[in-house]
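Heads up, the chain shows up twice below as structure tokens, two forms, tagged structure 1 and structure 2.
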Structure 1
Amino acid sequence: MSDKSIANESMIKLTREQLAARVALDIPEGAYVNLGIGLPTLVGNYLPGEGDYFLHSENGLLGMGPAPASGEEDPELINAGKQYVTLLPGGCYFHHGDSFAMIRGGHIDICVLGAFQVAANGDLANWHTGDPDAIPAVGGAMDLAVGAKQIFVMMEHLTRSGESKIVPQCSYPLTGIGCVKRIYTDLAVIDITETGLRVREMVAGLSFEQLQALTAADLVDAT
């Protein structure tokens, strides 16, 4: 039996909600944070309600709270992914040009993005896979990749066909070069450093050797 088969049988993957909660643990109080479209938007639901966290959306929102309860949606309060959001006391909304000025001016502490691929050197590919129905342009993710002080990526470790999303070099068009600092997957937390991809945490039931067998790029065990 291959290492990949053994790992698939023994590991306990994080759910989407558990992954979002894990990322939320590393968001410091007082941080200005942009949550990318898709999976990263779940992180806002797991930030402590008593803390000061400033969630930013590139369509012009600052001070977002958790997703609204069913039936309490405000059609004028949506994030960049067109999902309904709430606005905390003191929150505000403004022109998207000002929102991008915040991004490009280096005023976002952390941006959490999804990805199709992350390379061993921190290159990010998260906007195009070559599919004919894919979005036509990179959009605001390019500005976030170079404008935010730290880029965290959260994603499933493998594609639906079982291929590693963490690769020696991206084969998809790049969103940003060398911009990713940390990767959160449903299997592990991995830092991108000058000395390699350093594994900080792994899910229960998964050994480092099994994780390496599931990862196309070389890893360093730092657990």
Structure 2
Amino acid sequence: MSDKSIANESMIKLTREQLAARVALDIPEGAYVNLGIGLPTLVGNYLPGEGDYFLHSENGLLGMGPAPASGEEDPELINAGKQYVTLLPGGCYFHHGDSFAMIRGGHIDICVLGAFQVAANGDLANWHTGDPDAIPAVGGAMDLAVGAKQIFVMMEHLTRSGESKIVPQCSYPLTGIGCVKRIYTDLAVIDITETGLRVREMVAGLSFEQLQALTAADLVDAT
């Protein structure tokens, strides 16, 4: 796509690791945080080791620690993405009812989710492409979207085929309505506000005009 090639000339996209590190910067010590499956899980690697951050996993863990050392894996200690994890001292276990009470009851401060699309009004689509042949699977995404105090979306700015994932209206089936507060992409940090999509940060080498050209929804420059 021409828009993409224009931008590509000078900008330096964030890597997945850089994006995770950027999201981690906005998580205050003491926050109760749920990190979605996939890209958001990487955020955990960039939280300062000396502080107390409370990672929640919807399958019944609070105070989740890093991956175990090789050979120390426990098949009954996994996260929501079914990866081996550990529990920090001070962490605890509970059942799915209690876990989703934490989510739905507004006890989780921040949830970081991936997305297929985010709309200008904060609508989120991240569970189904709408492809009639796809097996639908929703997991905890809809509960997290509606329950966490703040939803951060973390995603690549464009699809693999170069289309904007930030859209005026979602064309994919919704996960939650008006729930996203902030979007972190490999190109920019964008707040979803009453007065529109406010761009807070952009990667080096990218102009606001270039970012707008790559984004299907109208943006406001608030850098």
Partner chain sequence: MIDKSRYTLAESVADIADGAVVLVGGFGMAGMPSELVDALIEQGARDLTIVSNNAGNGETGLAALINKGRVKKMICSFPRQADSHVFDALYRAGRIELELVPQGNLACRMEAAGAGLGAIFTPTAYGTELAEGKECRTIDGKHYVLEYPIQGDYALIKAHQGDRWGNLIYNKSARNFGPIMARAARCTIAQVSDIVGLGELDPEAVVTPGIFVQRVVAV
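One-based numbering along structure 1's sequence throughout. The structure presented is a predicted model; accordingly, all values stated were derived computationally and were not measured. We call the rigid core the largest set of C-alpha positions that still match within 1.5 Å between the two forms.
Enquirer: The form predicted in complex with the partner chain: is that structure 1, or is it structure 2?
Expert: Pick structure 2 here.
Enquirer: Using the rigid core as the frame, report the C-alpha movement of Glu76 between structure 1 and structure 2, one decimal, in Å.
Expert: Between its two positions, the C-alpha of Glu76 lies 2.5 Å apart after core fitting.
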